[in-house]
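Given as structure tokens, the chain that follows is alone and in the form predicted alone.
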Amino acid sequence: MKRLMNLRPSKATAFFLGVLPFLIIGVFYIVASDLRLAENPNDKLLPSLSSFAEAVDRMALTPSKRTGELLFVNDTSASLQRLGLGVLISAVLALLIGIPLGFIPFVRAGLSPFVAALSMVPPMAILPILFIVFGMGELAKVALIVIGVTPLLVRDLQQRVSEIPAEQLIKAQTLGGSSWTIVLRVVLPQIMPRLFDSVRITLGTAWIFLISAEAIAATEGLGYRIFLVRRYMAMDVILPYVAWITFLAFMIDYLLKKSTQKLFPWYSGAKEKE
């Protein structure tokens, strides 16, 4: 008897099953929108598809009368720059802190409790402090992402380093490797693909911090635009922006996944065997 857990869908079936939830949501929205607009043509909660098209044309294809720029392009560029810089700094700090924490007992004893406590601090609670210290410019927004994401990455890398088999470390020492050499030749190659995975996991958190910071203090950005137009209940702008943020997050995650497979094929193969 074939068990459900042992059945594998074909590529076509897997693609269809992946698209199906989006189709169901789309059909549900269209039906609900038509019902609400039939009852009240001025309803703003569930705009029609034509309203979305007009909003996209106004935001993405028509230059602003005030600045002459495409607002959608400017918002996307500003948000991606902040997100990219914040995540990059967090990843570098995670390597510099996480490897010593997991590899050197004295560092782990001294800093591990502090990092654990720091990871429990709600970053949004210290956002006003960041604005006071760094001002209302770009630095505060990037700092919020760094403060919110870095402790999570550090703790994950620390755990990954501590999981490296002791046999490998003992063999490296037997062959005369110093602590620095072992870090470069044994630890770092195994940690890099795991860093990519950790960044993928924390991307959603980074987006939350970014949108929150932009909503409070910004003059451009995806989060800024969403919270700017909400006062007008402009759902025809808000929903496409939310969909675009979701698409960007998905694409970044996809690119990180493919980069991991390309740069570290051994890691992908090992995960499949597991």
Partner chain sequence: MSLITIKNLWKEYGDNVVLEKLTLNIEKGEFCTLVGPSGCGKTTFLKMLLGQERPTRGTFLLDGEIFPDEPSIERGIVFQRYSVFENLTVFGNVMLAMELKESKFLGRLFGAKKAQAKKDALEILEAVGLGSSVNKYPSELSGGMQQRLSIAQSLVNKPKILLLDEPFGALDPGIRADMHALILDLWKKHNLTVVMVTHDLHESFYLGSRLLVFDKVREDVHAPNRYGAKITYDIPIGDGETIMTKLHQTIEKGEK
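Numbering follows the first chain given and starts at 1. Just so you know, these numbers come straight off a predicted model, no measurement behind them.
One more form of this protein, predicted together with the partner chain, exists but is not displayed; see below.
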(request) Have a look at 101-109, 160-168, 73-81, 145-153 and name the one stretch with heavy atoms inside 4.5 Å of the partner chain in the predicted complex. (result) 160-168
(request) Identify whether the partner chain in the predicted complex is within 4.5 Å of every residue in the set G176, R185 and W266, based on non-hydrogen atoms. (result) yes
(message) Please determine whether S119 contacts the partner chain in the predicted complex, using a 4.5 Å cut-off between heavy atoms.
(response) no
(request) Could you confirm whether I89 comes within 4.5 Å of the partner chain in the predicted complex, counting heavy atoms only? (result) no
(message) Is it the case that A172, even though its partner is missing from this view, gets within 4.5 Å of the partner chain in the predicted complex, heavy atoms only?
(response) yes
(request) Report whether the minimum heavy atom distance between P189 and the partner chain in the predicted complex is within 4.5 Å. (result) yes
